[in-house]
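This document starts with one chain, in the form predicted alone, laid out as structure tokens.
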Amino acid sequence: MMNFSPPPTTTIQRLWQMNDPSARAESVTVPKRLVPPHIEALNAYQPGRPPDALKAELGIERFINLASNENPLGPPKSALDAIKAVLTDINRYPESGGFRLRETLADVYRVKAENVVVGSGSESIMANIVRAFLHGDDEVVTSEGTFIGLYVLVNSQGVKLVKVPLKDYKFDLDAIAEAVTEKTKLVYLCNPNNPTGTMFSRAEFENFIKKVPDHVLVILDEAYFEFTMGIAEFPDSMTYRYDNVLTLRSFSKAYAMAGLRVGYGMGHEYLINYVNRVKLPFEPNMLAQVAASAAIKDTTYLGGVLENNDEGMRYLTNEFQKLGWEYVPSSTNFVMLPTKSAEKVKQIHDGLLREGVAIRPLAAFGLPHCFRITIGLPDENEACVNALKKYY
């Protein structure tokens, strides 16, 4: 007769089903194997406090959020009109394949609809790419100091993540190419990079892609693509169309629709087919689909966004230069400032909050001595500089 040992257990406090918050917690035990180790090791995303809560807590009347890389101008009227036109239809499911939005994007980029995938933000598509292609002892190579959403997605799959150090706050493409091995399945490049704002050039990318084996997928995350339109050296991935490159773009930044969560990806139809196999059937939602279809064609609106961003970037960087503050030149809608220490960043962040201005400390990105400021409206940028003068 065989004796079976019970699995290791851990104790948790059972409170969630109690209606009485003062009730004493009941301890229960559950098998430790309930949660895989790579999930247990993850940390949940820590959202900022809502503006109303901060205003009440700090006793301030105005709150300026320059922490989230949002577009301060608000969404285009064309998108709002498209939403209003379908509001009475929200009792229906959206198009399961996002066909009309995919056709619109295909027309804009002169590809086939089969080359396009849409989702609830570009991060959702990134999650589907990870789900579709990574397994077992596959490895992912990327940089330190880049979009933390990628780190979470890869770690949640239990796949090995190799992070190459930044070089002058930029992706070191030579070092990333050298880090590719037979086990590498995917390379993630964010260009321009969040949170540093830096960009690698056309020549750097062309040299890099020659070194990447055909079996390695390259994600080019171009969430800030629209802000590079005037930069001749930006390596727009859609001018190359390599078979092993998947492009990600977003409506959250330049098109001011972060609250709708809508993004898109483009690539070889063979790859897009597999991404579509694992995505949720009804994403993005109906309102997001029609708003995005209208916004992508609204060139007048986009021109105003880029003008506001250029003016704001010039104002902030000129002020930083006059005050002798170090900053990292940016090709996005935000600018990053290094400081002497994480303690200095905390001092600045806490001080600005008391002034009603939110910035983004970057410890979670692996850059604890840096913080990031989003370009706002002219008066918001001025308020930020005035507050910084008190605490920088």
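Numbering starts at 1 and runs along the sequence shown. What you are looking at is a predicted structure, and each value in this text was computed from that prediction instead of being measured.
The protein also exists as the form predicted together with a small molecule; that form is not presented, and the subsequent description refers to it.
Within 4.5 Å of the small molecule in the predicted complex, a heavy atom is found for all three of Asn194, Tyr224 and Lys253.
Of the heavy atoms in Thr247, none are within 4.5 Å of the small molecule in the predicted complex. A residue is said to contact a partner when one of its heavy atoms sits within 4.5 Å of a partner heavy atom; Arg261 meets this definition for the small molecule in the predicted complex. Within this chain, Glu283 is remote from the site of the small molecule in the predicted complex, having no heavy atom within 4.5 Å. At least one heavy atom of Met126 is located within 4.5 Å of the small molecule in the predicted complex. With the partner omitted from this view, the residue of Cys190, Met266, Ala291, Leu316 that lies near the small molecule in the predicted complex is Cys190 [heavy atom within 4.5 Å]. A heavy atom within 4.5 Å of the small molecule in the predicted complex is found for exactly one of Phe147, Phe208, Phe133, Phe200: Phe147. Residues placing heavy atoms within 4.5 Å of the small molecule in the predicted complex fall in a single listed stretch, namely 215-223, out of 85-93, 215-223, 232-240, 297-305.
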